[in-house]
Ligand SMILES: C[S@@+](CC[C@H](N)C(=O)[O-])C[C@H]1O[C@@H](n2cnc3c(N)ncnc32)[C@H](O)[C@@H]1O
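First, one chain by itself: the form predicted on its own, in structure tokens.
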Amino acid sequence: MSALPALKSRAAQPMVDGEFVFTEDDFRKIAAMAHGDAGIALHETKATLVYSRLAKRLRALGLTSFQDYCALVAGQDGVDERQKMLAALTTNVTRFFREPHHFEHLRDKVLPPLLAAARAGGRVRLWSSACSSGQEPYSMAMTVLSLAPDAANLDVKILATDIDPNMVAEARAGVYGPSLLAGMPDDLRRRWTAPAAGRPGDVRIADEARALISFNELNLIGGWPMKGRFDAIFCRNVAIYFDDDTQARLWSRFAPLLPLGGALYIGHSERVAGPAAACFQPDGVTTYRLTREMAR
């Protein structure tokens, strides 16, 4: 007797009890698209999470089944919704000066010699590789400005990228409500923000900080157009969504973009592993320095 009917039956069984039928086959299709598009690794234990986050999209679209949703995002007419699917499956949790020890390290150890070199005609390049709604790169900019208020007159640039175009647009706008300002020191808030026009209670990041940052869309598992090196790279709480092989490739791609002594900041539950691990040495909590060149 063939096992195919039994396999087919299991694939058609609901994985989650809920408003919409969500089968193993639906889950596999969504997981394959998430991995192929963004490197996101979804194990079957995440089925309930996937259901709860995407059920909202089904309601918004007026769809009645995950089968229809999968057909939409897999088709040519579903490009925009596929992007929204990826955004829904990841958590855009961020705040100003999140994991403050990273910004203290940047301020106390990394930036002083770089800014001294910049005053002598050198360049400083920093990268926020998954900037979400912008709090991370603006925190980086304020850290720079705390040491060099005239940084806009120096060759100091911060690249801020994210896979989600909606997050990039929000970050570029640089306007935040009171609930989103937690973590920003009062002295920096007073100096580097101003009331947002037409939005009572909200603030807009000061032009001096905005001038340091360029925002762009970028998929970390796709092509990278950058050619020059960065003195410090922030890639925090992103690799946790990737499987081990994708994480290893990511660290190996970062290494050639850092000079010797360059800093890599990662999330509290992440570790540099794979071939690139031999090139980095810890320099604080989830902070690494490149100590050996890696071939480009």
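All of these numbers come straight from a predicted model, not from anything done at the bench. Sequential numbering from 1, following the sequence displayed.
Keep in mind that the form predicted together with the ligand is missing from the display, and what follows is about it.
The ligand is not shown here, and in the predicted complex it never comes within 4.5 Å of any heavy atom of Ser139.
Interface membership of Leu264, defined by any non-hydrogen atom within 4.5 Å of the ligand in the predicted complex, is ruled out. Interface membership of Ile221, defined by any non-hydrogen atom within 4.5 Å of the ligand in the predicted complex, is confirmed.
Ala120 falls outside the set of residues with a heavy atom inside 4.5 Å of the ligand in the predicted complex. When you look in the predicted complex, the only residue of His101, Lys109, Lys157, Arg95 with a non-hydrogen atom within 4.5 Å of the ligand is Arg95. Think of it this way: in the predicted complex, the ligand has a heavy atom of just one of Ala130, Leu188, Leu212, Ile205 within 4.5 Å, and the residue is Ala130. Contact with the ligand in the predicted complex, judged as any non-hydrogen atom within 4.5 angstroms, is confined among 229-237, 25-33, 54-62, 255-263 to 229-237. Within 4.5 angstroms of the ligand in the predicted complex, the stretch 155-169 places a non-hydrogen atom from each of Asp162, Ile163, Asp164, Met167, taken in sequence order.
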